[in-house]
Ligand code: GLC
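As structure tokens, one chain now follows by itself in the form predicted alone.
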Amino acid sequence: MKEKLISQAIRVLEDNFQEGGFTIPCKGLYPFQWKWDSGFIAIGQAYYDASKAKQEIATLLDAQWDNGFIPHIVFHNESDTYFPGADVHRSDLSPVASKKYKSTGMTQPPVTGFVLEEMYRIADDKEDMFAFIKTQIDKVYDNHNYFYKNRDVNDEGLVFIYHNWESGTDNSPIWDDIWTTMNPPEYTFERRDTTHVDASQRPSKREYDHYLYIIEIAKENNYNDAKIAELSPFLVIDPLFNAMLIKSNQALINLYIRIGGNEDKIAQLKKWQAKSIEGFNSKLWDDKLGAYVHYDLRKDAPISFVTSSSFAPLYANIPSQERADALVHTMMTKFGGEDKYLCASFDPESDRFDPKKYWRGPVWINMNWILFYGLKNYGYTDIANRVKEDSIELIEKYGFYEYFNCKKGTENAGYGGGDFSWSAALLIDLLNN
């Protein structure tokens, strides 16, 4: 069964690979290159085609802006199946944007650092992969430098996101209270996502108005981070985003030590790392919930909900063992019932939970992958294995979907895009571990 699933996963990735040297998340719904998708995709590709994995990352990093920023979507090609496209985002408004590629002016969780380390771990030909990493690692370092220089408004080692799409968890209930502080215009546009996927599984038209309004503010200010920090109604410290940055910092430290030299970069990364971990533990831990939470910089207050992002710090070795124990207790109490697959993307006990709707409750394979390794870090092998087995069972039963209903016994529990690349790529990794 394992071999059959792996060969099906490889077929999905091969079908989604494009001539330009990148892989789309899935056909129709997501026809371009996405930042964190490409990272996870490269991990799967490294098992069966190292050259494709290298191409995936090199193509993404080729679209880096002059200031180290890496956009969340790179528009390599024209497509009328996705909104909002390059003509809405207008990356050319920024004086530091890539001249070679059209892109968005927002980013996504910085996974590329730890992805390089994973590719090295997986590679059969270590020498070849190491040579590749040496050509790319400084670009990833420059991306981290961008974050700490431009996105850490309080100089506390925690970087902000200015748009919900930067979080990766696009329409999470976390953002609901922020939307109530905004009253954007009603934009006229043609949605494309709902022509591919049932509208009940996607964000609403009014939610899209909020998303577009934030983009308009960023565009009016030519994607200048200082102006965005001043003016964006959405300014959040996200535990998933910052945990991925911390995990990637450590990966860069490890890789630079292996390369040799680079003492100044290693010293700088260690400085960032110490400040980030301290800031993370002091600002984002909610003792009452026993979990890490998001922080709203506009209100200067925590957003007190438990999400799958609350558990991402386990992957980056951020909590003490005592805190990790509390975190796992919270997860198993709220998310871990025998009638459920681990791990829902939002607290199933909340009245905002929706098991079918995008990031408002379904299980995501990429979040489960992060959780699997995070639980193993702290000795929770049995629960890690349950997360792994649940992920495999969901794909075996329903197919390589974008996300899944967490409630067991649901008919047709696979939702969103079908033949979804990161579901396939990360399944390959889980089945090999």
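Note that residue numbering follows the sequence shown and begins at 1. What you are looking at is a predicted structure, and each value in this text was computed from that prediction instead of being measured.
What comes next is about the form predicted together with this ligand, which does not appear here.
- Judged against this ligand in the predicted complex with a 4.5 angstroms heavy atom cut-off, the residues 25, 30 and 168 are in contact without exception.
- Listed stretches are 50 to 58, 367 to 375, 36 to 44, 386 to 394; the contact stretch with this ligand in the predicted complex is 36 to 44, by a heavy atom cutoff of 4.5 Å.
- The shortest heavy atom separation between residue 91 and this ligand in the predicted complex exceeds 4.5 Å.
- For the chain shown alone, residue 108 is a contact residue for this ligand in the predicted complex, at least one non-hydrogen atom being within 4.5 angstroms.
- Residue contact check for residue 358: one or more of its heavy atoms lie within 4.5 Å of this ligand in the predicted complex.
- At a distance threshold of 4.5 angstroms between non-hydrogen atoms, residue 420 is in contact with this ligand in the predicted complex.
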